[in-house]
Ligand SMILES: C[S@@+](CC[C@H](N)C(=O)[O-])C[C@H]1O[C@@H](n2cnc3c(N)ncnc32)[C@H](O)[C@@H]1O
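Below, in structure tokens: the form predicted alone, a single chain.
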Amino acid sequence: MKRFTDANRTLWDARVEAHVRSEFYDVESFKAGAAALKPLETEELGDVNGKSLLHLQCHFGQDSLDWARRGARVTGVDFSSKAIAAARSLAAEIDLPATFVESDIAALPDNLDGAFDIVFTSYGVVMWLADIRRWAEVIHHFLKPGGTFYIAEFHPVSWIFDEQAERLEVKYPYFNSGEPLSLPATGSYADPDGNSGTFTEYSWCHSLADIVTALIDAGLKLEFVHEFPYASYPQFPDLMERQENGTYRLKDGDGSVPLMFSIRAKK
């Protein structure tokens, strides 16, 4: 699996600079005080003031620093050295205390000590994990007794469709075969026209059952699993329309397909 992880790390290293500059992340507005987090996760996770929070797969740390603004004592983790450097730079620029650690999630217990009140992760994270059971074990490892895990994520069903098709057409598998999907990567959600070189991305299918069962088997107690018929960004650009609350829904067949889910669980 190391060669797949190394390839993905190279890809994400190449994306960081463009993402920091992108309209999608709008870092300048965030610096001026705008929220980076979505209402869904702030409402479902609740008050974080005074709590220790571990943010897994934090990218360049903008959401991590939003939690810090809300009073959390934040540690962000990402496997991209360039993302961690950008996160530290952003934290220093806006004078927010936060710790950022460069590590693959599976190896995090070897690279970080301590336990946390909250472990948080969100949006486009699960597909990059080769071993969903190890991910759940790491979450359990870093939670204090009574601590909370929370994830808001795109629904695994939504990943089976061709994002460029004129209607919803199944293109990718739902169930995990153990082998990664191998796809050319020349742009990204935040930089669609970007091409920093020739890259291949490797991702893994994890069903909702895989995710839930991994968390239960790791020793977590589920508080809720929610599914939503909308997404936080236009995953299918030609098939979705933006709502007044900033979410995106299908123009046709609205409500018929789960597009996101959230889970809150306790140790």
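Values in this document were obtained by computation on a predicted structure and should not be read as measured data. For every residue, the number given is its place in the sequence shown, counted from 1.
Just so it is clear, the following notes concern the form predicted in complex with the ligand, a form of the same protein that is not shown.
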Stretch from 170 to 178, 138 to 146, 103 to 111, 87 to 95 whose residues place a heavy atom within 4.5 Å of the ligand in the predicted bound form: 103 to 111
Going by a heavy atom distance of 4.5 Å, is H206 a contact of the ligand in the predicted bound form? no
Do F116 and the ligand share at least one heavy atom pair within 4.5 Å in the predicted bound form? no
Given that the ligand is not shown alongside this chain, does G124 nevertheless sit within 4.5 Å of it in the predicted bound form, heavy atom to heavy atom? yes
Residue contact check: Y25 to the ligand in the predicted bound form, 4.5 Å heavy atom: yes
Using a 4.5 Å cut-off on heavy atoms, which residues of 125 to 157 contact the ligand in the predicted bound form? V125, W128, L129
